[in-house]
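So this first bit is one chain, no partners, the form predicted alone, shown in structure tokens.
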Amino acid sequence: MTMPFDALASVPDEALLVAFANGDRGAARVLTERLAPRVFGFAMRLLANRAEAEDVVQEAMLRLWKVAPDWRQGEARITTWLYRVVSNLCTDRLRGRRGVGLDAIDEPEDPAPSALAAMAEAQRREALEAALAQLPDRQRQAVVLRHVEGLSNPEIATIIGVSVEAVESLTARGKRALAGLLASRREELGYEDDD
């Protein structure tokens, strides 16, 4: 049975997936509109390449639709499962890049805002993205999932397949490494000494 589109907006993710498995295409649309932007941001931060991030999200959503008929409610949250799939797909792509020179990797898209404040924020964001790119894969994943995506340590542990203690260690080491990488640029990026 297909529900009216506007009624689907307040339906939980798991119920939408079950509705899709039962033939409700509107449920798939709502779930895609709800989840795709979140995991796209995560993929973009890991890959720093819009086209690759879009491909990863498309592949992850296709995998979600394939598992819909067999989804067992209560075993895992859909968002946790989806972040894990995206994380694995990004890791595969990053491994494929090994040995490729930095000049061969496309720069992230820059919308080039005209306002001075927007330009300063873009410079800070670029510095953070560049620093994130220098972290080991697991540290980068843990830091992005925790401090950018706002996930809990247990969710992150499930997504990247490590213990909660390992997540805590990865995020702490990642934050220290980022601080070290960005320390010499504090003044250039507009941060005061007391921040």
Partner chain sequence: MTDRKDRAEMSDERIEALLAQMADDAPTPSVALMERIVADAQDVAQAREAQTRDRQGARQAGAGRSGVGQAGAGRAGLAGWLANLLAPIGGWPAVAGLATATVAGVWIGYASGDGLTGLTGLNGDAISASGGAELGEFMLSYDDLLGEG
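All of these numbers come straight from a predicted model, not from anything done at the bench. Positions refer to the first chain, counted from 1.
The next section is about a form of this same protein that is not shown, the form predicted in complex with the partner chain.
In terms of contact with the partner chain in the model of the complex, the residue from I160, M61, A166, L151 that brings a heavy atom within 4.5 Å is M61. This chain lacks the partner; the member of L170, L47, V57, I156 within 4.5 angstroms of the partner chain in the model of the complex by a non-hydrogen atom is V57. The partner chain is not shown here, but in the model of the complex it comes within 4.5 Å of a heavy atom of E33.
Mapping the unseen interface onto this chain, P136 falls outside it, with no heavy atom inside 4.5 Å of the partner chain in the model of the complex. By the criterion of a heavy atom within 4.5 Å, D92 is excluded from the residues contacting the partner chain in the model of the complex.
Among residues of the shown chain, A9 is not one whose heavy atoms approach the partner chain to within 4.5 Å in the model of the complex.
Residues V143, H147, V148 of 143 to 163 are found to place at least one heavy atom within 4.5 Å of the partner chain in the model of the complex.
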